[in-house]
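The form predicted alone is given below as one chain in structure tokens.
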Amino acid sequence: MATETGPSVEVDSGGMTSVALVVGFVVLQGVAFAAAYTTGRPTWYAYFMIGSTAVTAYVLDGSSFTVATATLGSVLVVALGLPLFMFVARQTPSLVVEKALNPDVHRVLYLGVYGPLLAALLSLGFGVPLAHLLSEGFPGQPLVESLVDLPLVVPHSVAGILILFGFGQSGAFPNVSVLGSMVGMVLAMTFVAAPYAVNATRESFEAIEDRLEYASRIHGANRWETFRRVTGPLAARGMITGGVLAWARAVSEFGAVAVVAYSVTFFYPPAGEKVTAQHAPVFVYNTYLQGGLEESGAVAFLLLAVSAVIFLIVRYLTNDDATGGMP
């Protein structure tokens, strides 16, 4: 049977050739973007990115299918990456430094990491048991699945309203202050972030072969021991992924937090006392309204940098190469 052939390059994915190709491609893209940006023609870079991807795919593989998929995929990469590149390139370094030295921004960044971390831990603490139940199946499971996934389609501001109805005045816990409190902010974040923790963990549980748990049971281990020694460790990667996704979702939440806890008072360790601040997306929005695009962009740049560093550290610590692999 005839097969489509074309020029190709043999690449050892684990060797220096692969690394050199990646580095060369990235450097080329950086030079092309710098040239397009300095000449005021960023559109040219979009065309260059798509064209260079098509050429690279042709050289590496040669098949029309690979070239087509790489070219079409690069269109989405441009749509995702070009705004980010333009955002970074248009920052004013002196303004970024000024905002980085601002104590108010320090509090916002601390709250923007600390609050979502609490929401992620809360989502995992109660989401892991639920994910395990969903992976095993039970009567009425479709209803529970719908409730878990509902926050994914609920408008953000509506999510905040739901939190106030459910846990605010005359709600489930009338003695707990929700409106304008740290508790309310974490609840709002957990509401929108929990589906990511549950679904990612559930997929990891479902990927475990039944024979492994069965072998543990026939050797005398009860269900608690089986989960602690077999199921839990095997699903650890999915739990971590779910926690990271939940944290990232909580970091970006605006609507629900703005409705429930526009400003919150919390203990700030560097000051040794309670302070009042806003969740980072809310603060960025207020800065945009009061100071314009340039000032809000500087704060957004700092938040993006802090979030990216934390995300990369977690990804590195959970990478097979860094950890030596997980069971």
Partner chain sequence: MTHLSAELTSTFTAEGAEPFTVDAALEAGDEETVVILGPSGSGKTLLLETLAGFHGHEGTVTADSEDITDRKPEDRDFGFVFQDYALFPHMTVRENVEYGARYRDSPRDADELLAELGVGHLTDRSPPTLSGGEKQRVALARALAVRPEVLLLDEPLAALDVPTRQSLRDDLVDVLADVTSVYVTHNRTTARAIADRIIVMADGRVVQRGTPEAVFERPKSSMVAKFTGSNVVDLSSAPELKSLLNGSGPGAENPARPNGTSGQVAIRPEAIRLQDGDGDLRATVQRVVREDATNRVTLAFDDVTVEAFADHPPSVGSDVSVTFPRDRFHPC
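Residue numbers count along the first chain shown, from 1. The structure presented is a predicted model; accordingly, all values stated were derived computationally and were not measured.
There is also a form predicted in complex with its partner chain; it is not shown, and the following applies to it.
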| query | finding |
| --- | --- |
| Partner-proximal stretch of 77-85, 230-238, 150-158, 245-253 relative to its partner chain in the model of the complex, 4.5 angstroms, heavy atom | 230-238 |
| Contact residue in the model of the complex, chosen from 225, 206, 98, 104 - any heavy atom within 4.5 Å of its partner chain | 225 |
| Candidate from 143, 172, 218, 72 lying within 4.5 Å of its partner chain in the model of the complex - any heavy atom | 218 |
| Partner contact for residue 138 in the model of the complex: its partner chain, 4.5 angstroms, heavy atom | no |
| Residue 165: touches its partner chain in the model of the complex, heavy atom cutoff 4.5 angstroms | no |
| Exercise: residue 211 in contact with its partner chain in the model of the complex, heavy atom 4.5 Å | yes |
